[in-house]
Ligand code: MSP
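Before any questions on how it binds or moves, here is one chain, the form predicted on its own, in structure tokens.
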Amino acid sequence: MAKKSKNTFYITTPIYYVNDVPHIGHAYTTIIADAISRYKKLLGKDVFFLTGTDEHGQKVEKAAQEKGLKPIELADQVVVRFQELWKALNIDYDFFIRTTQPIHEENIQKIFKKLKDKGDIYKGIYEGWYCDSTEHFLDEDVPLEEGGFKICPECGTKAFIVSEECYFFKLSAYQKPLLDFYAQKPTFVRPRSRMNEVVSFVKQGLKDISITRTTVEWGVPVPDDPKHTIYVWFDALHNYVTGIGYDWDRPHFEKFWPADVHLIGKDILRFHAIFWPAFLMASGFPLPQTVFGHGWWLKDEAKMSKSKGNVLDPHLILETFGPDPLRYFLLREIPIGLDGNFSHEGFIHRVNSDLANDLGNLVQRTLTMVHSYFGGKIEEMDKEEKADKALREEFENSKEKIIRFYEDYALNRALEEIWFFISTVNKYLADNEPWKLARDESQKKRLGRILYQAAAALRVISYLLFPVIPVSSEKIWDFLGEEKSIEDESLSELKFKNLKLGQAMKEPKPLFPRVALKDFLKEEETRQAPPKKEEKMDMITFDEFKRMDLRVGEILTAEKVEGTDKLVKMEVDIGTEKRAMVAGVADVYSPEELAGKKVIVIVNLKPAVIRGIESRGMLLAAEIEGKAIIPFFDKDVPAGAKVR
């Protein structure tokens, strides 16, 4: 095949199994891939980012049976949840592959037949200890437990003896080719400690592996022998070539293959670092550049899993904070190769300290001063002084380090360096005290220079943060009055002086509202609580009813909460004051329909923080098939009038 262009970049996530709903672990892998993809696009690379779902196999078959569904019906339901989560996390993938798609199934059969005809796949009988959970046979050196059974070292579940006719792949024939390849390409597996694990395992000797089953119906049928279905790992791993166009879009396949990075969890390293390159060698495909095995996010010091009941639903965090704080926390907290223990305290600290205090306050005070002292435009300024030059040079030094860290996929180090520069800018403002210079008209040009330097710093900060927190970065970019998008400026062109003098800047809005840990935990606990069974009507006294302060509220303004489908933020006049409220009504009413309407509001309800917005009150509405229908007043009544 033609040699791949140096200007292309192909990155993949593992394809996620559809026997369960997505959780923080799935989100972590996909956020890493998205950040790397966005960074490469800033370099001007032609990027292809593949993700998707693994939909065949025994686990899916069993999970579907338990729910009274066909396997494809279960897959269709769960796939939507992954796609909705990627949308909520602002994941910008290029193609979502499903292993039930014809383009995948048909080409798996072609590859299987090619290797069978070549002699690398043959029929035989296999007997061994099989784990249903990970869908693989255990190594022979896994010890027997008391009682004469074995425990899968990967997942901790009980394995079973399986004996059946199957097709084997001649993995043993690829021991030396694999070891030679590892020696020539020591960066194939990262981090390096995991490369050492892989080499050590292969040196112990490789045995041929079973790649079909006769006892599992839910899978791709073997060509010319349909009582066999192709085993999940042979099926799943080939998504990386079928998803990029193998045998259905040859020019696209040749443009992007081989993959630059297969991003995976460390628990599936062996399949990607041993089985996968051996399959590729057998088929004559060029091998990927890197398999990067990241660590796990733990909860209570244990790997998250449904069976342990310790998975974290990212939607609970996204509903309050939106995507950027979660993306930032997961990428900043630990190096990609290490495990991390998720704590709500650590997450809230990052939001309040790093995002709200350091970055958010820098944006707010810089642009507020630009508006207060210059009406939103800095049109003249003094020449650069020593302190100004030092700030610019600090950016140039930081930029080089940040690029090196991004290139090495050390995203947490890149973020550390960006935050060091943010601290430098905050110190620059504190040392130069522009709020004092504003009192002296003769210092106007000096004041202009200081605020220009700070605004120019915000511009490059937002650019360098774009791969990690794209929504917030674009907001800062927009506040600064930039007309072109961030992605229209290549990283090589990013310079401190690119902020145009005289550019009209917008008044900033808060980017990261601070959230109290106790409030967030209480809200999360409420959301996680199982729905209560319908009970008999709870009778209350008239005195209890009188405790509710119901008033007429006039909706002054309404706007959709960014990143949500149902939430609307409103400013409501309740007679004595104007309050911000959030209601889940955007699936029924547009913001334009709500503005000017008069509604019934409970005004003495305790405030709740929703998506970082403090909602002080609640609209009354009828719930019909999950949708909120608001009763509006058809006569002119004053805002604040009591409702009894």
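From 1 onward, residues are counted along the sequence shown. The structure presented is a predicted model; accordingly, all values stated were derived computationally and were not measured.
This protein has a second form, the form predicted together with the named molecule, left out of what is shown; the following refers to that one.
Only one of Ile264, Leu451, Val78, Ile574 comes within 4.5 Å of the named molecule in the model of the complex through a heavy atom, and that residue is Ile264. Among the residues Phe405, Tyr428, Trp296, Tyr126, the one placing a heavy atom within 4.5 Å of the named molecule in the model of the complex is Trp296.
In short, of 229 to 237, 154 to 162, 67 to 75, 435 to 443 it is 229 to 237 that has heavy atoms within 4.5 Å of the named molecule in the model of the complex. The named molecule is not drawn, but in the model of the complex it has no heavy atom within 4.5 Å of Lys40.
In the model of the complex, the named molecule sits beyond 4.5 Å of every heavy atom of Ile11. Heavy atoms of Ile268 reach within 4.5 Å of the named molecule in the model of the complex, making it an interface residue. Though the partner is left out of this view, His26 does reach within 4.5 Å of the named molecule in the model of the complex, counting heavy atoms only.
Contacts with the named molecule in the model of the complex, taken as any heavy atom within 4.5 Å, map within 3 to 18 to Pro14, Ile15, Tyr16, Tyr17.
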